[in-house]
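Shown below, as structure tokens, is a lone chain in the form predicted on its own; questions about how it binds or moves come after it.
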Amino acid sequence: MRLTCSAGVLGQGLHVVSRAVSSRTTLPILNNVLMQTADNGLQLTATNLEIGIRQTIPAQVQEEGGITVPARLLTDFVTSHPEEPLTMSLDKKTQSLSLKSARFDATIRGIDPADFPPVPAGVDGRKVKVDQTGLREAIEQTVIAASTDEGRPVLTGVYVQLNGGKATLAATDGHRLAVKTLAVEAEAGETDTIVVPARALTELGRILKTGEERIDVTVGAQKNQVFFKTGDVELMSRLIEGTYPNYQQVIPAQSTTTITTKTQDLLFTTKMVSLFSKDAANVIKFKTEGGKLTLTANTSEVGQNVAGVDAKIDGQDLQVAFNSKYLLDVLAILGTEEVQLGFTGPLNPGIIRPVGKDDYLYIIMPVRVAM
């Protein structure tokens, strides 16, 4: 193996694939990135056995070959390196990678690529094309509600339903629910449902670019893998087995109290008021009375903060309490000038929607407190 490439381009590629490198593993090779020459350059691959990311970068290849080297060391070295050509060569006997430039001559010990776990290049199955910008927004608006509790693995994923030209994404941790629909380009077929690990989608969202370029999605025929391909980057993920709960039954059919306000105003006010709730499980109280909305946080050891928010209120007066973190999470990524909150009482789920869009909703469970 011998090749020359740009240090800057290599650093960018390593930054992308290193997101799949395992942070906790007993297998040393999972700390490595696989480097293999390809027809059109240098192929970089990393995996933690659940997620795999592959990217091909431009390179002038003089001799074919491959090696795996510690991802963190290589990434730190290359990203700190000046932007200039970097020549890499492999000593097969010692499995060492030499990196030379105008000023540096480094050697990194590696591991034979034959020991690297196989990362499939693709699979047969249902194929879908989706707009990158739309998918990135859908990921951002749903993964926030996925659970981090490994005790219920299925809730650590995002439920995806493919039905004709529409995809529905849903995530819940039992305290909140996010549901997003978006248009896709797909072949006719039966409705497919899968559960994709939220972490895989989070990493995919970081890779996706803004624009109208489409991303190719393939759901494996065995429903155990999903593949995403955009440009020269591929991300593969295992799917989560299990039955996802029927989230639709918790979505309120109507509201007896509706609050419409500026998204950024509510975000700012909630953030300020919640500073006084950190020692009280992040609980803040909403109160509508006389056409006014008031937010309150009260902690005996800290103090109290009360703030009003300009809002249009329709329906019955209401007092309800929420975990402010759950509210802040959705307000930060809503993306519309105004937000609408609907309630049917202090102990029933509240529904949050972006005004002007009907493709997203967010359900938040109230907290039972003394008003």
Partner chain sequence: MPPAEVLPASRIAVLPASVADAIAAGEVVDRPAAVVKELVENAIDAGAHRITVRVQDAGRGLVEVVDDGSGIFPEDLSVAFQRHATSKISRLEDMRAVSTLGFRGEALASIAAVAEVEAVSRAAGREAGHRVLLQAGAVLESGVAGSPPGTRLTVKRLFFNTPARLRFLKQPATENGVIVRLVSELALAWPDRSLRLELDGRRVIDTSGEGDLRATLAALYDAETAAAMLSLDDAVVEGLIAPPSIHRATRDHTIILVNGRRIHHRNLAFAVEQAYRGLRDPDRFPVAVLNLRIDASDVDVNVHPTKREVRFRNEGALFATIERACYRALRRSPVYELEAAAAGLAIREAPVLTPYYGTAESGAEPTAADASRLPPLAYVGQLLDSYLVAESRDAVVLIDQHAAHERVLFDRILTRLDQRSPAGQLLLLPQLVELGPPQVAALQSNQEWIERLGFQAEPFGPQTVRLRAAPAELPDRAVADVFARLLDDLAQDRTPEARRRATAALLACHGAVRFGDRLTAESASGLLAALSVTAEPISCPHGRPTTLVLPDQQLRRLFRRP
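Since the model is a prediction, treat every value here as computed from it, not as a measurement. Numbering follows the first chain given and starts at 1.
Although not depicted, the form predicted in complex with its partner chain is the subject of the following passage.
- Closest heavy atom of residue 245 to its partner chain in the predicted bound form, within 4.5 Å or not? It does: once its partner chain is placed as it appears in the predicted bound form, residue 245 has a heavy atom within 4.5 Å of it.
- Query: With the cut-off set at 4.5 Å between non-hydrogen atoms, does residue 169 touch its partner chain in the predicted bound form?
  - Reply: Contact check for residue 169: no, nothing within 4.5 Å of its partner chain in the predicted bound form.
- Message: Please determine whether residue 183 contacts its partner chain in the predicted bound form, using a 4.5 Å cut-off between heavy atoms.
- Response: Residue 183 lies outside the contact set for its partner chain.
- Does residue 290 reach its partner chain in the predicted bound form, with heavy atoms at most 4.5 Å apart? No.
- Message: Taking a heavy atom within 4.5 Å as contact, would all three of 149, 250 and 326 count as contacting its partner chain in the predicted bound form?
- Response: Spot residues vs its partner chain: full contact, yes.
- Task: Please determine, with the chain shown alone, which of 66 to 74, 333 to 341, 300 to 308, 29 to 37 has non-hydrogen atoms within 4.5 Å of its partner chain in the predicted bound form.
- Result: Checking each option against the 4.5 Å cut-off leaves 300 to 308.
- Message: By the heavy atom within 4.5 Å rule, which residue out of 259, 135, 155, 219 makes contact with its partner chain in the predicted bound form?
- Response: In short, 155.
- Query: Which of these residues, 238, 229, 175, 81, gets a heavy atom within 4.5 Å of its partner chain in the predicted bound form?
  - Reply: Exactly one residue meets the criterion: 175.
- Message: Residue by residue through 337 to 351, which ones have a non-hydrogen atom no more than 4.5 angstroms from its partner chain in the predicted bound form?
- Response: The stretch touches the partner through 346, 347.
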